[in-house]
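Take a look at this single chain, the form predicted on its own, given in structure tokens.
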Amino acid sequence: MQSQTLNASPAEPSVVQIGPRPLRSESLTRRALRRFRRHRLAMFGLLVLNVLILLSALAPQISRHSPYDFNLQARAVEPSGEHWLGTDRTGRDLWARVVLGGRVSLSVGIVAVALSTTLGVAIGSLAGYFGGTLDMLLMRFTDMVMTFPSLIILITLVAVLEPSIYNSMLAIGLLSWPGLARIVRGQFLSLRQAEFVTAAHCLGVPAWRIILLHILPNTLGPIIVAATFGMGSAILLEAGLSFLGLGVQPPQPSWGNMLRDAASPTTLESMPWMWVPPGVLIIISVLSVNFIGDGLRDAFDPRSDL
């Protein structure tokens, strides 16, 4: 009797699972991507923007004519099978010029936004993390730049540097960072008191490492959204500068200087094919970028119902 008692093993407790198995916690990045994919206008804008980028990248391969060659025998020709969008007053093929001009306009937007984002993130992170005198100096400088009439300063800066595509990128990037700097500063001010930042301080982590590896990744959502909207503004600014003759210089085509070539009343009335395609592409590209920005904003917003 005693041996049976010693050899008897205690009964294992049975585990009864009630309800479905618990799901794994979804990462913030996956959740944002899922919410972005459900935003129909954002996906439409992304599709249109990718098509424009693809057309611009393949401009020489998909054009039957050179965008620079004059053909005086085919001046101001209406759209046809030979010239899909017609020709201008010097016989240059407008389809070839439009797709090549998209390469210029989109590249200006991307490079200018990259420059302004770098400046805005650097200034905003330093001001928000260290605070005190450095914060006051950087934010007063930011306020001073924001008070400038941006278009007038932009025209003056490009005129001083001589009009070109590279100077347009530089001027737009140097004047577009203050808004992003204030956004980044606000994010750093709210995150520098967080527990994970305090723990990193206690472990002796250097300040630059805390900024780059601990706080900055948590501010990528607002930065990406602001940069996306900034690209649309940069495309419009480049088109305005080129329209005024201070941006991309002939014979290099851009959507802005194509509109300038069609600015005469006679051309506007009798040759709409010269100004409708570049004008429509400016509208479509800016709307697409803004739709993407709306989708990213809703995707990174935890209060959104997407």
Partner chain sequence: MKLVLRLTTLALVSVFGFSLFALNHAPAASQDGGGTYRAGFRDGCVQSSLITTCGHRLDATVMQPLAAIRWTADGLQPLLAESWQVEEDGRVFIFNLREGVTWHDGEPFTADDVIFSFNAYANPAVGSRWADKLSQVAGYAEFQAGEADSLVGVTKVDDLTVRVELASPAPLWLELSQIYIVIFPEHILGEVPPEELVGHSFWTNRIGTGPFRWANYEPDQFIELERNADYFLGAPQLERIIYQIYSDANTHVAALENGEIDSIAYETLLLPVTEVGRLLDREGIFVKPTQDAGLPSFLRLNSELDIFADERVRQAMMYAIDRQAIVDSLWEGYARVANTFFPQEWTWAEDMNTYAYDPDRARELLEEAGWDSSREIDFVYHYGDSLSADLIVVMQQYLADVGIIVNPRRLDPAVINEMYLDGSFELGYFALGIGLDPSAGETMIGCGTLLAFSYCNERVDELFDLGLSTADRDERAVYYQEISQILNEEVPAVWLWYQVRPMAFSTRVDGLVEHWQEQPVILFNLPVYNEIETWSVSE
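Numbering follows the first chain given and starts at 1. Please read all numbers here as calculations on a predicted model, not as lab measurements.
The discussion below concerns the form predicted in complex with the partner chain, not included here.
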| item | value |
| --- | --- |
| Contact segment among 100-108, 72-80, 117-125, 216-224, judged by heavy atoms lying within 4.5 Å of the partner chain in the predicted complex | 72-80 |
| Contact flag, Ser264 vs the partner chain in the predicted complex, heavy atom cut 4.5 Å | yes |
| Distance check, Arg89 to the partner chain in the predicted complex, heavy atom within 4.5 Å | yes |
| 4.5 angstroms heavy atom contact with the partner chain in the predicted complex for Pro60 | no |
| Residue contact check: His65 to the partner chain in the predicted complex, 4.5 Å heavy atom | no |
